[in-house]
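Take a look at this one chain, the form predicted alone, written out in C-alpha cells.
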Amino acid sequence: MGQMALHAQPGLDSFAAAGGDPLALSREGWGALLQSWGWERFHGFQAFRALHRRHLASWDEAREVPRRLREQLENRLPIIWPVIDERFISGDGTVRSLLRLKDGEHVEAVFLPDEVFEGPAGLKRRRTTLCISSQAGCPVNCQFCLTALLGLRRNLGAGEIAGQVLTLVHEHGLRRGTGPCDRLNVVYMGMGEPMLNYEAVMQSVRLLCDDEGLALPPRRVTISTAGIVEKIRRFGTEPVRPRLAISLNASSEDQRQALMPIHRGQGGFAALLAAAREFPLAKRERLTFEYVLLAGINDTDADAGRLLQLLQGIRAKVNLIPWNQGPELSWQTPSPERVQGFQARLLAGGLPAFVRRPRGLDVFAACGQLSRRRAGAYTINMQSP
C-alpha cells in the first residue's frame, strides 16, 4: 500500500499525532497499518481486540496473532499502558488513581462505585462511573477548582485517554459481559478541558465505543466543558456522539466571568446558550448543566430564579454540586438546607435538578479536587453535604 493511501486511512492521523501509540489506533487504522506491513487486514482487527477488549500486557499474550507478527509488534509497537503509581482509597469506596504515562507525566482518574444522584421525590439514580482526564493539568482557570492551580502541562493523546478507562476496567474487574461493565459510565470530568483537546478526545470516544473493543454505548459517555462554544457546535455534528454537560456555575454575566475567566472570551451567556438551544438532542435526551454551589456567592433563591430564566426553552437538567473543599481555596460549602432549598426552587420552576453527593472527599477524589496531592496532608470537613 502506498504511503498516500495509508495516510488516508481512518485513525492513522491521530495515531501519528499520538507518537505512534498503539492504544490510539482505531480498528480500521490497525487493519490499514498491518496491511501496509504485508499482513491481512483481519490481523489488524485481532490486534485491536487484543488491546481494547482483552487488555493484554504484551503482544506475546495475543496467541490469536501469528508468532512472527507478535514479534514484529513487540519490536515496533510495544504496549505501554498507563501505570497506576498510587491508589488512594476513600472510606466510601471511591478510588483515586495516580496514573503515570509513558513520558513520566502523571494524571488522575477516579473509580466511583454505586454513585448516587438524588432527584425529585427522593428519587435516587445509581451507577458505576469512571472519571477520566483529557489533559495533564488544565488551562481554563476556574477559580473554585484545585486542578486549575496546576496550569496546563500538556494535552493527552487518544491512547492515553482511552488507556485510563481500560486500565481502571482491568483494575476493578469491570469486564465486559460480567455485569458491572455493562452498566459502566465514563465521564470526561477529570483534569483538563476536553474541548481544548478535541481531536484526541473524540478519537478516544470512538475507541471506547467500538463494538469490537470495550463497546461502551455513547449514551453512557459524558463530556463536560466549561463552554467552548465553537467546539460545542462541532460536537453536535459528530456521528458517534456522547452526552454533553456544560459547566455553568453562575446565574449572571459578571458572576460567571469572576468564577470562570474564560466566559467573556467565549461570547458570554448569549453565545453559550444559543449553542445549547441549537444542540441536537435525541428523543429522550436532556442537556446537562453542572452548577457548583458556593456559599453566599451563587446559591441564593435569586440565583435559582435567574438560572431558571437562563435555561428556559432548553430541554435540560441540572446537576447541583456543593463545593468540595480545597486547601488553597477560600470558598465555603453551602449548608445542606441551602442546597435543598436551591434544588427545590429549580424543581418548582419545572427544571429537573439532581444533587451530586460528594464522593472521595477524604482522598481528594471529589469533583474539583484533582491535583495530584497526597491524601491526608490536609483535613477535610466530612460533614459537608
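Note that residue numbering follows the sequence shown and begins at 1. Just so it is clear, the structure is predicted and the values come from calculations on it, not from any experiment.
Below, we refer to the form predicted together with a small molecule, which is not included among the displayed structures.
_Can you work out which of Q164, S247, Q203, N298 has a heavy atom no more than 4.5 Å from the small molecule in the predicted complex?_
The residue in contact is S247.
*Among C145, V107, A158, V110, which has any heavy atom within 4.5 Å of the small molecule in the predicted complex?*
Checking each option against the small molecule in the predicted complex, the one that comes within 4.5 Å is C145.
*Are any of the heavy atoms in S97 no more than 4.5 Å from a heavy atom of the small molecule in the predicted complex?*
Heavy-atom contact with the small molecule at 4.5 Å: absent for S97.
_the small molecule contact at S224 in the predicted complex, heavy atom, 4.5 Å_ = The answer is yes: S224 has a heavy atom within 4.5 Å of the small molecule.
*asked:* Is it the case that I321, even though its partner is missing from this view, gets within 4.5 Å of the small molecule in the predicted complex, heavy atoms only?
replied: I321: contacts the small molecule in the predicted complex.
*Using heavy atoms and a 4.5 Å limit, would one call P22 a contact residue for the small molecule in the predicted complex?*
P22: no contact with the small molecule in the predicted complex.
*One stretch from 97-105, 83-91, 269-277, 288-296 that, in the predicted complex, holds residues within 4.5 Å of the small molecule by heavy atom*: Every other range fails; the passing one is 288-296.
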